[in-house]
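Only one chain comes next, encoded as structure tokens, the form predicted alone.
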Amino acid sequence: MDDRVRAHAETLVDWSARVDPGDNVVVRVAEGAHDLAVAVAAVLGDREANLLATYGSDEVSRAYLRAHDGEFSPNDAERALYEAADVYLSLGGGRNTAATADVPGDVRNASDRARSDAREARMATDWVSTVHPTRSLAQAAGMSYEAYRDFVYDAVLRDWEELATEMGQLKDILDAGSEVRIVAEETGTDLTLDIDGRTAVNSAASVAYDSHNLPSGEVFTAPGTVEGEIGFDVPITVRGRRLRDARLVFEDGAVVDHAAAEGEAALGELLNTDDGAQHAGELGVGMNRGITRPTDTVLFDEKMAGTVHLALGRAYDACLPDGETGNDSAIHVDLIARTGEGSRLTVDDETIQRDGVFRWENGFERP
């Protein structure tokens, strides 16, 4: 086994999930993540945690959803499993990134709504999602398997404390700010987001930072109202279907128009999931310079330095003032836009990033 697989498992268990002896840990294992699951199991055994492994297959999900009549009842067994868990680890890496492409959108939406209680129970744990490099993911990224493995471990095996210190600068700015504006000439973006009273998350790949992805490397917050237009020029696969050059127009915080060069029907289905799906639950700013190119895996692409992402749907409680529920939805789907040449990100009219370079980095051009 590649030594980096063991290092990935140790980072996941110790740095990301902060597993303690006696913790009840549920591990969801995708079809291609067997090697990482074996390494994680060994680390969990060494840490004297309790392990329950479950099988997470997109092909199994497809078979179930396509056979169902679409009238779902809440899954009490799944909810009870998460309520008894302290930690939930998702090890992604399937055999086919488009396995669920032919599941009807209305069936998927109904399933997501019925699983809302189980989802809330899962998100109440110390949950962390990661990905094991597989040939299907390498193919989706347009890379050889060997090159893709190197890419994944360059993104995962970082000095997370050092990156947390750097990202803390942006967190402090967003915490003190009231309004973010994003302008990008190439995509025709001019978007204004209200962040007054919100708390930004320094997403340093650990639950200790309210961060639940490995790799991570972003700072995100939950916007209030959103106004303007944004184009997303990083292609992604959503529910097994390709989405390219999507565009959203916001008025009074809600999407009033949408389009896409590819996957427009899939985007429309997302927006029709529920009322909350038509609002933005997250603004994230990518800061992981170990992620150097898009790979059609959101877990990596949304963290790529020189990008921002906007999530349709659910807002994370960590960003909200006490007593405020924020945007609620059965979905949380990230759409990604580059902030390269000709772009700027401002907070309260102060330029924080220009042409993809932050003001504390070498190469930042001051007017």
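We number the residues from 1 along the sequence you see. A quick note: this is a predicted structure, and the numbers were derived from the prediction, not measured.
There is another form of this protein, the form predicted together with another copy of the chain, and it is not shown here; the text below is about that form.
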What I'd like checked is whether 38, 45 and 59 together line another copy of the chain in the predicted complex, meaning each has a non-hydrogen atom within 4.5 Å of it.
yes
Please pick, from 113, 95, 244, 293, the one residue with any non-hydrogen atom lying within 4.5 angstroms of another copy of the chain in the predicted complex.
95
Which pick from 190, 106, 186, 78 sits with a heavy atom within 4.5 Å of another copy of the chain in the predicted complex?
78
Spell out, yes or no, whether the shortest heavy atom distance between residue 24 and another copy of the chain in the predicted complex is within 4.5 Å.
yes
Indicate whether residue 310 is a 4.5 Å heavy atom neighbour of another copy of the chain in the predicted complex.
no
So in the predicted complex, does any heavy atom of residue 74 sit within 4.5 Å of another copy of the chain?
yes
Verify the contact flag for residue 84: yes if a non-hydrogen atom of it lies within 4.5 Å of a non-hydrogen atom of another copy of the chain in the predicted complex, no if not.
yes
Please identify, from 324-332, 24-32, 299-307, 338-346, the stretch that has a heavy atom within 4.5 Å of another copy of the chain in the predicted complex.
24-32
Taking another copy of the chain in the predicted complex and a 4.5 Å non-hydrogen atom cutoff, the residues of 41-68 making contact are 41, 42, 44, 45, 46, 48, 49, 50, 51, 52, 53, 54, 55, 57, 59, 60, 63, 64, 67, 68
